[in-house]
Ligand code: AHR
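Just the one chain here, the form predicted on its own, laid out as structure tokens.
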């Protein structure tokens, strides 16, 4: 395949928030994950220092919290102040101690140097409760909520810019699910009150690539919104944990831009494409495993609905397939940087996260290294690259059908502050190296960073490191230079 790029043909400047993350009160993400006062790795505030360091290394730009489905029955006041009473989490059917709440979350964001992004309760909550949360976080001293924050030891306002009205309130599984008409009314009133509290907030609302839902939402409150939310998990295994193999995972990459095209088209039709951007504020290849909860039939015993969640933390589940898919998704975000401004990998710690915790340390799963490479090596200017000769390959679909997808996936970036080009190049071929010819007008040395393992099933665990990043110098760049990308690999090619 030949890839061409002209430094004068620019799609746009990517927002670093496309490399964002997400954390929810589910299983071991918070308690026993990032927050574990009993761990020998805990700092003075109960946060695991090894996790904090890993998050800093991938430069987490924004962290969405507290959910997720959890938020649709969460009342934020239960998690602030000295006296906190445990509450029953009706979404996940466990008791939450409420020891990790708003103040602890803001402290976490400050420790890792990221923007907070708070998702509000639009299930059992009200527009007033949502706007009161903005008061608590952002007002200096006006009103009882800001003064409550001050009494809790936080004199200065938090200045939380990013807020989401609701989670997946379009879905029957969500507590407080709404019709499109109900949703339009609630989001309008919530957005109105939240903007009245702090006009500098940037608001998003739960949506999906559905014309009827989005038209009602945008007609009702498009004037208040800055973002529209999309969630996607491609491997739907909530009830079975029957993980798709490498070939099926590659079939999921056949048309990653489908949702963006649908939402972009609607925004353009309503003259909102310059005002509202897309936030993929939950995404991952694999859906979370939580059987007998989001179903009509509820599990009666913890063996039916709670203990199986431990299977989310089998590190052997997170292979080269997850890394290759994630890189393809991020490439899609880069190529659509004019309208996709945020994405939040769900979650960051444990469950399907890129960091796994155990009592003696952490494991960096294959997806962690994708973020390490993309945040630290790519440029901020996305070029309008075009390709020749990108082969199509038939991959097995989940239902046994044949799905054709491009064999290679690329995004080309430049730097606004220095000369150079950085190419994100993915070879999905499971068995063969693929040639990539570079056609750029640039000078410099070529350094290739490659994320890979011996096979598509390679993974990292407490007792093994099969997935890692290697670096090699390919020499001085010459126009028409050909490189061979390893099978099932993620590569960043730097020319500086």
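Positions refer to the first chain, counted from 1. All figures in this text were calculated on a predicted structure; none of them were measured in a lab.
The protein also exists as the form predicted in complex with the named molecule; that form is not presented, and the subsequent description refers to it.
The stretch in contact with the named molecule in the predicted complex, judged by heavy atoms within 4.5 Å, is 288-296, chosen from 139-147, 180-188, 354-362, 288-296. Just one of 62, 451, 55, 69 comes within 4.5 Å of the named molecule in the predicted complex, counting any heavy atom, and that one is 69. Between the options 307, 386, 415, 233, the residue in contact with the named molecule in the predicted complex by a heavy atom within 4.5 angstroms is 233.
Taking the partner from the other structure, the named molecule in the predicted complex has a heavy atom within 4.5 Å of a heavy atom of residue 167. Interface residue remark: residue 322 is not counted as part of the site for the named molecule in the predicted complex, having no heavy atom within 4.5 Å.
Contact check for residue 409: no non-hydrogen atom falls within 4.5 Å of the named molecule in the predicted complex.
At a distance threshold of 4.5 angstroms between non-hydrogen atoms, residue 195 is out of contact with the named molecule in the predicted complex. When contacts are defined as a non-hydrogen atom within 4.5 Å, all of 173, 238 and 282 contact the named molecule in the predicted complex. Shown without its partner, the chain has no residue in segment 128-144 with a non-hydrogen atom within 4.5 angstroms of the named molecule in the predicted complex.
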